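Below you'll find only one chain, the form predicted on its own, shown as structure tokens.
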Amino acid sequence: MAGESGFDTFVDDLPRKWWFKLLANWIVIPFWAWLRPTPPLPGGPRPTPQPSENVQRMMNLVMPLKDKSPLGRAYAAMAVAQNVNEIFAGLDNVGTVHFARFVVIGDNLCMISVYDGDFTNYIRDFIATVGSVFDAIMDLVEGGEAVKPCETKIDAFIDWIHAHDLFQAPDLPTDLFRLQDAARGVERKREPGLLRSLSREYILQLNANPNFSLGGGYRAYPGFSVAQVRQKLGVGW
């Protein structure tokens, strides 16, 4: 870039150097994490008073499989396939879900869905309808036995789902300062953190949260709820 000194150019080029990457991964980042402990931020969308932000909210549920072999992944696929009609009927009955799908990624069974309104109500309504069916899936994932039977351990199940929902990085990057201060129990009474420290804060958060979603995602029709979409399509309930 025009006007940069030789030292600036050297510093900007450091992340591309193999020796710097090694130094950063093994020494610098662990030292930062020790010096400035960074709790992992919770998954899912954050509460908002804006009505337009309460439709088409995303859940990116990542459930680590107990059996990480091809056979284990096959069992997970069969557990979904054998109960898919009941699961989809339950999602239909919730009445706030735009779409949902199950995918196997590596050693994880994932449920990706887009819904309207409050996360807790979404999960509570869903599991109250098909809790016993979802037990077959929880048999196959790490920690799943602690929340069975799902339909009678609804609060524990909601907490488990929330803990396995991907952290959604804020759409406005500087919001990370506020979120991390809140997680640390620090009341911010001053101006936001320096922009030059933002990259470090992201590195620390992604060190604590290795799996994450890049923002809340694109919404093609953010102002419309499931009820409005179904009404326009003439689908009904």
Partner chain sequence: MVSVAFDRLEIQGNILRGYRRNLVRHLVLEVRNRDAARRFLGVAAAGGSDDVPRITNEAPGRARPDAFFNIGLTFAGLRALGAPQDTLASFPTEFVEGMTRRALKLGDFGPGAPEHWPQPFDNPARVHIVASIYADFKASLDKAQAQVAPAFTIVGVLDGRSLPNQKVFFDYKDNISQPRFQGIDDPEQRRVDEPKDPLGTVLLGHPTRFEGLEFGVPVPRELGFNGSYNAFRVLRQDAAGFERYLTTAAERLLSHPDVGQLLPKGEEGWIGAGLDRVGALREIVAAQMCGRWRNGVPLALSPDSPLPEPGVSETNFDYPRGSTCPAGSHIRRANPRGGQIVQRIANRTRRLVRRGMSYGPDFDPKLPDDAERGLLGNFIGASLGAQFEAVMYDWINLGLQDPDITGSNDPLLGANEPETSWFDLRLRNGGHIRLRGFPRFVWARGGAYTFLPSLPAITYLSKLTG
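Just so we're clear, the structure is a prediction, and the values are computed from it rather than from any experiment. Numbering follows the first chain given and starts at 1.
Not pictured, yet referred to below: the form predicted together with the partner chain.
129 is the sole member of 129, 83, 113, 108 with a non-hydrogen atom lying within 4.5 angstroms of the partner chain in the predicted complex. Between the partner chain and the residues 62, 55, 208, 58, the one pair within 4.5 Å by heavy atoms in the predicted complex involves 55. The closest heavy atom approach of residue 37 to the partner chain in the predicted complex falls outside 4.5 Å. In the predicted complex, at least one heavy atom of residue 125 sits within 4.5 Å of the partner chain. Within 4.5 Å of some heavy atom of the partner chain in the predicted complex lies at least one heavy atom of residue 95.
Using a 4.5 Å cutoff between non-hydrogen atoms, residue 72 does not count as a contact of the partner chain in the predicted complex. Residues with any non-hydrogen atom within 4.5 angstroms of the partner chain in the predicted complex fall in just one of 153 to 161, 140 to 148, 99 to 107, 72 to 80: 153 to 161.
Residue 47 is the sole member of 18 to 47 found to place a heavy atom within 4.5 Å of the partner chain in the predicted complex.
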